[in-house]
Structures are given as structure tokens and as C-alpha cells.
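Presented as C-alpha cells, the chain that follows is alone, the form predicted on its own.
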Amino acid sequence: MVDYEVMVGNKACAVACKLARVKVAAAFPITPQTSITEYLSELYASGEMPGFEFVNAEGELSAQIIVQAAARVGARSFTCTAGPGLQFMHHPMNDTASGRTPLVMAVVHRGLKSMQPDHSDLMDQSWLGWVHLYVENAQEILDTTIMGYKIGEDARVRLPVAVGYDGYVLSYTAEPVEIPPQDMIDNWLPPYKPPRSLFYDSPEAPIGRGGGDRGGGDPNMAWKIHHGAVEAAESVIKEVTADWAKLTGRSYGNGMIQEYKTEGAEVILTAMGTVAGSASAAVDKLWKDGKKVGLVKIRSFVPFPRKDFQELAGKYSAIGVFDRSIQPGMGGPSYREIKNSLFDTGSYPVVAGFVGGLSGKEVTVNDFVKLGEKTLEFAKAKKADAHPIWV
């Protein structure tokens, strides 16, 4: 029987670990992630997580190494961190991905220039070859954490998965969450079985973990295989998301993107994370005022939904891209990815790049209304202001 509970985002993450039958977790406390580990400890103490082991590590680097080792020998593993703690994990995170080691990590967003949330912490790790999923609310935390194990453990992927959600705004805010029955999840997510090879698809492949040649193979091969695994994750994300919708009745678009009121729209906005909720409320207001603006929520940043945006490009006269992070000197990351995706298409709408919400700055419904109106203006003028446009 389905259960409901009003819970904060961090508890939703811990409950998802229980439902996924996580066996090993390791973490170091850092605001606003810390209470995930407290909820895990409570679940274990209450007898709801039999056989579970939590390691209170002396630092985030050690925590990543602990769960990496546990996952390699067959334990479904979990870790969590935020902000500078994620940066401290950087070195072993590379090894986790290069070793094709499935696990899930919650990244409770905390900016790199303040303790308040933006997406700069996880964006800082986007070259490591993890799968990166961004979520909007507490229900999506629970669902996506469970789905993360199904995605990462798939033989076509075998990669770690990061689930990013905004600190404070979501980690400490209580919302109603539907909790699936344990037996339903047990049937849907079978026990984790590590592959015979710890590293690549063929145990006999003459390729070392670092890509080195052990017998005349191509030194590029480790990178080629890793790149292919990230690309393969796109179809797996879509399959798992569709299966989850059938199982629970909760749909998250195709898993890569989630569209809202895009049918009949003249232009679209994009958003990631909790601000997608404000953006959808703004879209409601814009439509009420006769302004046809849709929303595309980006759920997966790695792999990026290039094919989806290529298909969308011919339908709309302009795309207003909102980023809650910026690479100084380069601009907003999703803006850059969308522009790259559209470069070779026959239809190339106006693409405007908005950047805001950094270091916890509030982005309101009215702000998104203005972004929608501005994007309509750009569509009419067939030209956008220089990127970035600060919000």
C-alpha cells in the first residue's frame, strides 16, 4: 500500500536509500547535506535498514573512496555532499567514473562563492563522466535517487550517478511525498550484481584503468569506452523513466527533459532544479495574459539532451535559457550546450542566455514572467542581447 509523509528533501533522499536497499554509505557532514546522514542513522536504528553500514569518514575524499570500494565488491553504495565538500571529492570521483563503478551521490547544492545554493558545485564536476540529474522537489528526489541505481547499474552504463538538488530551499523544506511499498521497489530494482570486470566491458581487454596499453591496444580505448557509456545513458534514462511512470504513475517527461505547456507556444524557456517550479507558475501567468511561452525543464545535464533540443529547435522562434551557474569568461553551461546542439541543425531559433540565482539570490515567478516577455521580444526582433543577460 502506498504511504504518504510530509518530509524535507533530505529525508526523502534517505528514504529512497532505504527503499533501494543501500548497504554501504559514507559521508562527512557539511551544510546543507548533514541531515541526510542523520535520517539514515535513524532508519538503521529503527531496524528499517537491516545489514546497512554507515561510515562517518574524516573527509569527503575518504567518503568517496569508501563507497567506491564498497560498490566494486558488490555493495549498493551511497554518498552525499555539497559545495566545497564536492570539490574535495574531485580526485576519487574521477576514479569512480573511470572504473565504471555504479553508485549514487546526492549533491545538495551549495555555491562556491557562498554557503547559499546555486549549481556551481556540481557543474564544477561535469567533465568527470558521471551521470548528472537535476530535480525540482522532494518527490522527485525520492524517485530519482531510486531510478539512479537502475540507470547506473545497467550493463550499458555502469557509471556513478549524481542527483543534484538545491540546498536549504529543498533540503530543509517539507513537502508531501508518496512512498512506494518496499516490495514494489524490490521487484523493480533487483539486488546489485557487480560485473566480472571491475573496469571495462571485456575482462580480457588489454587496457589498463588509466587507459594505458597492456599489449598493443589503443591507448585511447579507455576514453572511448567511457564516452560511449555516457552516451548510452541517454536511452537508459528514457527507458527507466518510462518504466517508473508505469510503476508509480509519476512521469518526468522522457527523463532527459520535461515539457510544460509547450504545445502551441511561440517561444520556450528552460530551467533546472527548484526554479523550474517558479518558471512553470510564470508560464501559467503568461498564457493567462495571452503570451504563448512554454517551459522545458532540463533533468539530465550529463548526458545533455542534445537530440531533444534539436527536435525542439524547429518548433519555436526563440529559446530563453536560464542557468543558475556560470563559467566565468565562458557563460552559462546549459546555454552553451544548447547553442552547440543547434549549430548543425537546419532550423536555428534565437537563443538568449539568462544567468541568475547565484549564491542563493532569489529568482521569483515575476522574474520568469519578465524572462518570458523578453524572449518573445527577442523572437520578434530575431536577435538576442549579448550573453549573459543577468537576472
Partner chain sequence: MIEIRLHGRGGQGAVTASRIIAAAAFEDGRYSQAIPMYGTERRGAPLTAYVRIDNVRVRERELVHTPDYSICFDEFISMNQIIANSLKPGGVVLANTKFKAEELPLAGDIKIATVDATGIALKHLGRPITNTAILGAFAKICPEISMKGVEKAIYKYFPGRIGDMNIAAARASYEQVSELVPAINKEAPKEVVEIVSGGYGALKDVSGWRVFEPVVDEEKCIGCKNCWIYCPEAALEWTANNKPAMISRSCKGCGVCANECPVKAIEMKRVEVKKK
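Only a predicted model underlies this, so the values are computations on that prediction, with no experimental measurement involved. Residue numbers count along the first chain shown, from 1.
Below: the form predicted together with its partner chain, not depicted.
Look at 75-83, 312-320, 88-96, 172-180: in the predicted complex, residues with non-hydrogen atoms within 4.5 angstroms of its partner chain sit in 172-180. Contact with its partner chain in the predicted complex, defined as a heavy atom within 4.5 Å, is made by all three of Val6, Ser280 and Glu362. For Glu259, no non-hydrogen atom is located within 4.5 Å of its partner chain in the predicted complex, even though that partner is not displayed. In the predicted complex, its partner chain lies farther than 4.5 Å from every heavy atom of Asp243.
Under a 4.5 angstroms non-hydrogen atom cutoff, its partner chain in the predicted complex lacks Tyr192 among its neighbouring residues. Interface residue remark: Asn137 is counted as part of the site for its partner chain in the predicted complex, having a heavy atom within 4.5 Å. This chain is drawn without its partner chain; in the predicted complex, the residue among Thr270, Ser300, Thr145, Thr274 with a heavy atom within 4.5 Å of it is Thr274. Note on the partner interface in the predicted complex: the residue among Thr248, Gln116, Thr101, Gln125 having a heavy atom within 4.5 angstroms of its partner chain is Gln116.
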